[in-house]
Ligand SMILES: Nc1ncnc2c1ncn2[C@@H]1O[C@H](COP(=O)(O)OP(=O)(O)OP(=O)(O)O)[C@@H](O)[C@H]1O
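Starting off, we have a lone chain in the form predicted on its own, written out as structure tokens.
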Amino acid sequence: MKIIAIANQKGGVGKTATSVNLAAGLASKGYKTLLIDLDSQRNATNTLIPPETITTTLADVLVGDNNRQPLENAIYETPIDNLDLVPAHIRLAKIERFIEIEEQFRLKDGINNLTDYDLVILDCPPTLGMTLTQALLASHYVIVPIAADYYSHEGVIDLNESLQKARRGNPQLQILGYVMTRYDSRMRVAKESLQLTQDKYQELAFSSVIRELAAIKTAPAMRLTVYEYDPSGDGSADYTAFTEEVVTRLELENTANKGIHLVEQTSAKKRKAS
């Protein structure tokens, strides 16, 4: 099982879109995938499962000292084959109050108890703090989305400092790569941002670029991944290419491409622990 955090401390860089569509892309290739929503804004959660079906969330796993739930009790099926979700809750903001060292490893311990998954994707919050720290301590890899502007690069500097600190408790943590998002080739700033990313991060810069596309923005509002919303469009093509590049970098074994199988949104239900 490989654990990947999608992180950038700056908001608006396409972090959740990348988390959701990468997870769906990996699932479509036959990899049993778990997406964990660590962002109290719950955007990934709202994209994949109806809120009225949720009774247990990641907050019930990580927050508090008494009556905490095991992670497997907060896992829900999504309408996409091979993709499950751990939903977020606004109470995740309380994690920032944790001060005990052992509490920093609650997420890591919960994931390590799981045996059913090939890949775990962590959709991290757009802030530095204990929630992000838990994600970095639990992960093997980090993927950093960088929007095609100047300010997103400033956010990466702060994130890299957090990565260095996290490696003290998680020496195996490494950056899988930096992916350019919200790219508009008509904009000079976008071209300069892409060049800066490629020059600065070299082989760690993904060749795939996620363009600024209406389908990527609209799909979450329809509670769909970009593959479901516009399967033959440019957004699906961009995330398919990115997913394939991630698979190559992770050196994953080939699996039969099962494709994304859609069912009625109302059929999403809590996944029963075996």
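A residue's number is simply how far along the shown sequence it sits, counting from 1. Just so we're clear, the structure is a prediction, and the values are computed from it rather than from any experiment.
Beyond what is shown, the protein has a form predicted in complex with the ligand; the following relates to that form.
Contact with the ligand in the predicted bound form, judged by any heavy atom within 4.5 Å, is made by just one of 43, 240, 208, 56: 43.
Only one listed stretch (215-223, 48-56, 241-249, 66-74) carries heavy atoms within 4.5 Å of the ligand in the predicted bound form, and that stretch is 215-223. Though the partner is left out of this view, residue 126 does reach within 4.5 Å of the ligand in the predicted bound form, counting heavy atoms only. Contact check for residue 17: a heavy atom falls within 4.5 Å of the ligand in the predicted bound form.
Interface residue remark: residue 13 is counted as part of the site for the ligand in the predicted bound form, having a heavy atom within 4.5 Å.
Residues of 164-185 placing a heavy atom within 4.5 Å of the ligand in the predicted bound form: 182 alone.
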